[in-house]
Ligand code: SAH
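To begin, one chain is listed below as structure tokens, in the form predicted alone.
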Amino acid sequence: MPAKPDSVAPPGAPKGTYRIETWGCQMNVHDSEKLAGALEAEGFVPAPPSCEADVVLLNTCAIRQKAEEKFFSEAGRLLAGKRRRPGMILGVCGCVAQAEGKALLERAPHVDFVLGPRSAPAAVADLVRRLRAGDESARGTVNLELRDDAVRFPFDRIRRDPGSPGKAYVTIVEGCNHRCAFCVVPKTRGREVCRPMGDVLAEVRALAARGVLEVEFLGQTVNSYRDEDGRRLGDLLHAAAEIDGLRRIRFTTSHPAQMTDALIDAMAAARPKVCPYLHLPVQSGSSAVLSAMRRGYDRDGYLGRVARLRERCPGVSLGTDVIVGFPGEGEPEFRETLALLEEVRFDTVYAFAYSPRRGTAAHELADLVTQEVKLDRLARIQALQKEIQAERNRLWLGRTVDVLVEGTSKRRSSEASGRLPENRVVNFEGAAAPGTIVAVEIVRASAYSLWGHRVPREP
């Protein structure tokens, strides 16, 4: 999805226009906000939707094959644009850039430069400046440096999404030290580097001062956070909860092996500002498959974490990720995943069919599960979860809830849409200003959203 601007270009005529297309997770979306901030500091402005841009950045995701294929399709489409406008600059950033490196230029020679996710925010403005000045030595640049200062991008230069003024992402950890057998993140993002807690809090205070009500702390393994002074995520949650004006705090994505009792206790102590929602990827309900995945926990260990969360944080909503068809997953192992979903009753599940990724340990395994079986299992997961979500959402009928408005509903222009602290989507009649919190009575529920109408009470 393209990034969206909200900052004002420097005085004077703009140097040109830019467009950023983004695939992948919240980290990639936030990286695009940094890239846009770097370009706007150079005097570029966003291109109107119907116009070609002078600078196009493709911010890529390599976690699944489908996302990578979408990127290469878009890169191919832009070749025609480069032929029409030879001065257009095309850069590829993000995880596919890091994974492919120089090979990407061989496959798409019309690309002007390739920047990995850690190097891109600091390097992009200089490369664009040089290319615009006619410096041909900049063309074909490949910068895959895994910089430790990647988390120190000046937060006052980040260009936030104006469509959702009430919420902002804040990076606290970059990279991952886990070695899950299916995952390319350690290769594309490098080892963990944590941002100083004082710097994080300064950004949160600045956001709260401009009216942001919700921040979401980001990291590939966000609950591994530990700054140079030894302060952990629980300490950060406690300190952020003391900031005036801030109403909601989230963090994603957490690793079950690092969901400690101390962090769970900190979540409980920092309520109600810490939202009662946690995304905790399980990946499989089979201990044998989890071992093959190198996840660092087994089925019982995961269920123990869930039990502790629900004991200390009553009413917490849970989301998860599931991979079906991992090498060695037979029908008995898959049924264990179905049983785990029945037992935990997640509020959201993101399910994916396993696809081998180069550079991972699982890529060397024999893929014993056919694509037909993978798709059948994926459909069974989705059907079960749809029933569970419909049941879970019906529990909200008749309740009056606080909704942080995000904008107009995707389904009906006459409705507004927002989220509960529990991360459920709520649509309601009429207009409401994005970034405000309104009270809504829930009168209808589906498996994927809630619907209601505003009521006259203070949220």
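When you see a residue number, it is the position in the sequence shown, counting from 1. Being a predicted model, the structure only gives us computed values, none of them experimental.
If you look for the form predicted together with the named molecule, you will not find it shown, but the lines that follow are about it.
- Per the 4.5 Å heavy atom criterion, the named molecule in the model of the complex is contacted by stretch 61 to 69, the sole one of 411 to 419, 29 to 37, 61 to 69, 397 to 405.
- The listed set Thr337, Ser119, Thr171, Gln220 contains one residue whose heavy atoms approach the named molecule in the model of the complex to within 4.5 Å, identified as Gln220.
- Arg295 is the sole member of Arg195, Arg305, Arg295, Arg159 with a non-hydrogen atom within 4.5 Å of the named molecule in the model of the complex.
- In the model of the complex, the named molecule lies farther than 4.5 Å from every heavy atom of Phe155.
- Interface residue remark: Val212 is not counted as part of the site for the named molecule in the model of the complex, having no heavy atom within 4.5 Å.
- Put simply, Ser355 is close to the named molecule in the model of the complex: some heavy atom of it is within 4.5 Å.
- The named molecule is not drawn, but in the model of the complex it has a heavy atom within 4.5 Å of Cys183.
- Residues of 323 to 343 that come within 4.5 Å of the named molecule in the model of the complex, judged by any heavy atom, reduce to Ile323 alone.
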